[in-house]
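First comes one chain, alone, set out as structure tokens in the form predicted alone.
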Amino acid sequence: MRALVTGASGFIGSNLVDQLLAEGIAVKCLVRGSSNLAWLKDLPVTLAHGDFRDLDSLARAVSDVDCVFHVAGATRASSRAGYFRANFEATRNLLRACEKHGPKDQKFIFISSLAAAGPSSGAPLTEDQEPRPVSAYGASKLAAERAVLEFSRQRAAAIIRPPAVYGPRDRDTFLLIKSINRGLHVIPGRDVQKVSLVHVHDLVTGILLAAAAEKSRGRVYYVCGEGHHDWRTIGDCIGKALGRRFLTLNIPWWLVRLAATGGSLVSRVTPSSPTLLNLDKLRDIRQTQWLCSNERAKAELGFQPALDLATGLADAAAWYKKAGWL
């Protein structure tokens, strides 16, 4: 088997590449000239240099692979148009390349996001519920999902919707762990937000199960860990993993909004380096529940998360220490 991974130089993509290689699968990585290849250095992979706007480069990348894992995308952008360029238009172009130049039995696995479905209310979301994204990021991912589902009428394709992902190499979770390591856990607002989470190793397991299952064609799967968590509990798990005591500080929403407004302004001035917190991200942060159910993935793919929250966060913290990040 030969696989193409987009976003292979990033957090999720590089972990996926590692597991594919461990299973003896030949891996081609679609990378840009500006990609940081630190996680791919010295690995036995083929680098396919290209761009999602360059259809010829996409044609070359997909022409000789059995499965395309489309992980690349933008979680931060300076505008709504930026999210749609990186998430919807890039996916549409890649699908067109697969349709025209990929082998007929090629499979396409799209890594979407819980944000495409929107927040939950009460019970965890299931895949049969109507998506209602609240942010431009979520809307762009949903548009890409619909393109993939249309493609799946002719070719094999499946969609993975993870919630927040954490684990080795994740820089966003690292900011939280670093703060707690320094003695401070900051929680926005006073609402007790409930979230589903998934460790990157469990997510990779779910992705590969979907790639191998014939019944996954045209299906959407939430791949998440067990349980529903609030940020105080998450902070406690991190503190125990680090052996640190810390102060928990609730930041009022008006101050969070002020910071998000500043982030949006900075992103407009420096669109190539958008900030993590902006007004679009705030729409997601303000929701009280981001919960999803992994029952379909269990029933149809045989998915079973291996890491509970405490074990997963301890694994992440240990990796950050070993890598010299802490």
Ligand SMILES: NC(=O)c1ccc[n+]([C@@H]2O[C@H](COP(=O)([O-])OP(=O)(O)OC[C@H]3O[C@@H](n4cnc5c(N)ncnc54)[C@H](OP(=O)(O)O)[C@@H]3O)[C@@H](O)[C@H]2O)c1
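In case it trips you up, residue 1 is the first one in the sequence shown, and so on. Just so we're clear, the structure is a prediction, and the values are computed from it rather than from any experiment.
Absent from the display: the form predicted together with this ligand. The rest refers to it.
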Option touching this ligand, based on a heavy atom within 4.5 Å in the predicted complex, out of 195, 74, 147, 156:
74
Just give me the single entry in 139, 111, 180, 97 that has a non-hydrogen atom within 4.5 angstroms of this ligand in the predicted complex.
111
When this ligand is placed as it is in the predicted complex, which of 7 to 15, 313 to 321, 300 to 308, 21 to 29 ends up with heavy atoms within 4.5 Å of it?
7 to 15
Is residue 102 one of the residues lying within 4.5 Å of this ligand in the predicted complex, judged by heavy atom distances?
no
Would residue 273 count as a contact of this ligand in the predicted complex, using a 4.5 angstroms cut-off between non-hydrogen atoms?
no
Looking at the partner-bound form in the predicted complex, is residue 117 within 4.5 Å of this ligand by any heavy atom?
no
Residue contact check: residue 165 to this ligand in the predicted complex, 4.5 Å heavy atom:
yes
Using a 4.5 Å cut-off on any heavy atom, which residues of 86 to 104 would contact this ligand in the predicted complex?
86
